[in-house]
Each structure stands twice: as structure tokens, then as C-alpha cells.
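Here we start with a single chain on its own, the form predicted on its own, put down as C-alpha cells.
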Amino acid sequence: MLIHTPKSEYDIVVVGAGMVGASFAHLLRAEPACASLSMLVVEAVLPASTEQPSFDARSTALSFGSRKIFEKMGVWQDIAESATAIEKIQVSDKGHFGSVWLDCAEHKQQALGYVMENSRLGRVLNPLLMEAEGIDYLAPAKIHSARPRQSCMQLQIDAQGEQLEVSANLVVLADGGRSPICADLGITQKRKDYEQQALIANVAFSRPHEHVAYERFTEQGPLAILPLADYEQQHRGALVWTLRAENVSEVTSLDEQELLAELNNQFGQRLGKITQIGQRFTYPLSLSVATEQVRPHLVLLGNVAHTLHPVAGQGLNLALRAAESLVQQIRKGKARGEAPGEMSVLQAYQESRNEDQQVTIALTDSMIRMFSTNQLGPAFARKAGLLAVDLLPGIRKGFGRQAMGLHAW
């Protein structure tokens, strides 16, 4: 529940109530064996509850595996009301014959994944945090410092001008890719600059999407359009368009009609004519992985632990699987009489995550290297790869399970 003055000691303090931090808190509270653990969630901004959806609402892709995680939290029914199902995915390569189709029917599931507007997801997760029994929610508040002690982490918190001191057996750091706490603790990031930027916007098109998501590889990089609910009788989708860094200013300087013409040229007529593009944003793309993801009494979750290229939409889904794994290791540790922040618990968590994290990062990174060039060798390899995925059911099903986030289940 929303509080103004926290206790001086907690078993677990979650820093950041974004999608990852809030999801971890809900997962922990939903685990009966962990109900006795005290928890504080610290968030810098008090969430707004009155924000209305618009044509330009930002969106996130959720895998089918993430749906299973939200079901564990007991919040999927609320999320499902605003989620748009992805029933099929088409993967194609501009300038090359053929494409790959993934279909949820082949996996005997209702959907391969879902697209959810971020504001709607926040309006499900955050009010529940502010009302939840057993969760102290402090906002707006900022962590000024985190200092390791023998049996805890000592946090200095500024809550609307009031200076507070709180100790935590475990600090779950989920405050984003530019975490000042991470930098203050000397935890560095291994970075790989893709020399690309993503242009994101919502678009309208003349044909209904029929719950199909499109991933199209162009000479500059992947171009994805994800299905969204119609808005004011317009068929709508979320665009993620990868551009080479040197071409960004040229593309963003185009007026709307010029930009639509170029977008239609790159994407083709799969959704008929793309008729409108909303507010545009660009951001640089890189791979970033923290050199340390656990320390005594500290664990990193979400973008502060790893930031991926948006190709295949794996970032948040990887983080949700990590949150679920952390809860399970805390549960197992508690059964052995171990506190959440002990290194035996955190090392077991890290070992449980290594394979999934390495496979997912390698998948997204290799896709960018292979599909962002027109050199003859990579072009031939990707053509052969798409053909193999399309023609061989075993490979296609494995690729589909990876996209659905079910390979670790």
C-alpha cells in the first residue's frame, strides 16, 4: 500500500516500479511461501491514473510465456482486456524471395504473444501495488546511495525532501539502463554499439491486421509492425524501424507524406497502404550487459542487467523470466533457512538464468549481424536459414517456441 514513512528494515527493497520492478513485486507477493517477507517498493514518480489512451500510445510485445507469468501474479485477466493477440508472425527479407510464417495453431496455443500499450499495463500493475497488503509502496522517492554492510544494503532515500535510512537484506535494482545506483556501486556495462537507431511510432493502414505481426529485414535493419487495437475506426499497428545511424537525420527530416512513401516502399503492401504515421521517436541501439548482475544483498533486473536490440521483442520477456526465476530461488532459499540476499541464493539464481540469457542475447545479436548487410555471404546464409525454418517443421517449431518465450518452460 502507498506509505509516507517506511520502516527502518525490510527483507527486500525493490528500486523502480516500472514493468520489471512491479512485476517482480507482484510475483513475490503471489508466492505463498514468501508471504512473510517484508517488502518495500521505491519509485521516483507517483504513477498517474488518469492518462487516456491515444493513437500514439507506446507499446510492448509480450510473449506467450510472459502471459503465463502474469497469470501467476493473478493480473492477466486485467491485462487481457487491453492486449492485442499475435496469432501469426511473418518474417521476410526485402529483395529476397520467400518468407517464414509462424502460427499459434501449430503450437496449439491461443496466441504466439500479445501487444500491450505501456500506459495500460502500468494502470494494471501500479494501482495494485499501491493497494496491496504486504507491500509498502513509497513514491515519489529517490535512492541517493546504496552502501553494502555485512548483513544488508544500507539505503539513503529522499522522500519529498525528507531524508530516510532503510536497510534491506536484498535490494532488487530495477531502475533502468542508466541506473545511477549501479554506477555509484562501480558496476560497469559491456556495451556493443550497433551504429543504428530505432524509429518508433504508431501507424495506420488500409487493411485490418488480422492479428499478424510482421518482421521485415531491410538493407538498414529490421522493420517490425505489431498489431494494435483499432483507434477511431483506423487499423493501427506499432512500428519499430531500424535505421543506420548515418541515415537517421535524412529519414527524420522527411515530411509525413515523404516518410509514408519511403515506409510503404520498405514494407510493401502486406497491410495495404500505410496511410498515417503518428508522433515519432528515435533512440540509439546497443547491446549492454552488466559485468556483475549479483552481489551480496544485491541483484540487477531488467535493463540495468541487460539491454537488447528490439529485434524479435525479447527484452522485457527475458526480464520477466528472470523475475520469476528470482522469486523461485528466494522461495527455495527460504525453505533451506537462507535469507533472500545471501550469495548462495543469488548464485543459484544467476546459474538458473545463464543459459536463457546467453541464448536470447546471442539470438538477437546474430540476427542483427546477419540481417543488417547486403554482403553476399550473410545474404546467402539468411536466405538459406529462412528457407530451412519455413520448410522444416522441427526447426520452425523450435523457432516459434523461442519467439513465444516457452523454450525455458
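The first residue of the shown sequence is 1; numbering continues from there. All values reported here derive from a predicted model rather than from experimental measurement.
Below: the form predicted in complex with a small molecule, not depicted.
Mapping the unseen interface onto this chain, residue 352 falls outside it, with no heavy atom inside 4.5 Å of the small molecule in the predicted bound form. With a 4.5 Å cutoff on heavy atoms, residue 181 counts as touching the small molecule in the predicted bound form.
Not displayed here, the small molecule is approached by residue 58 to within 4.5 Å at the level of heavy atoms in the predicted bound form. A residue is said to contact a partner when one of its heavy atoms sits within 4.5 Å of a partner heavy atom; residue 27 fails this definition for the small molecule in the predicted bound form, lying far away.
Comment: the small molecule is not present in this chain, but in the predicted bound form one of 132, 152, 111, 198 has a heavy atom within 4.5 Å of it, namely 198. Proximity to the small molecule in the predicted bound form, defined as a heavy atom within 4.5 Å, holds among 142, 331, 120, 88 only for 142. Taken together, the three residues 213, 222 and 366 lack any non-hydrogen atom within 4.5 angstroms of the small molecule in the predicted bound form. You can rule out all but one of 298-306, 213-221, 257-265, 74-82: in the predicted bound form, only 298-306 has residues with a heavy atom within 4.5 Å of the small molecule.
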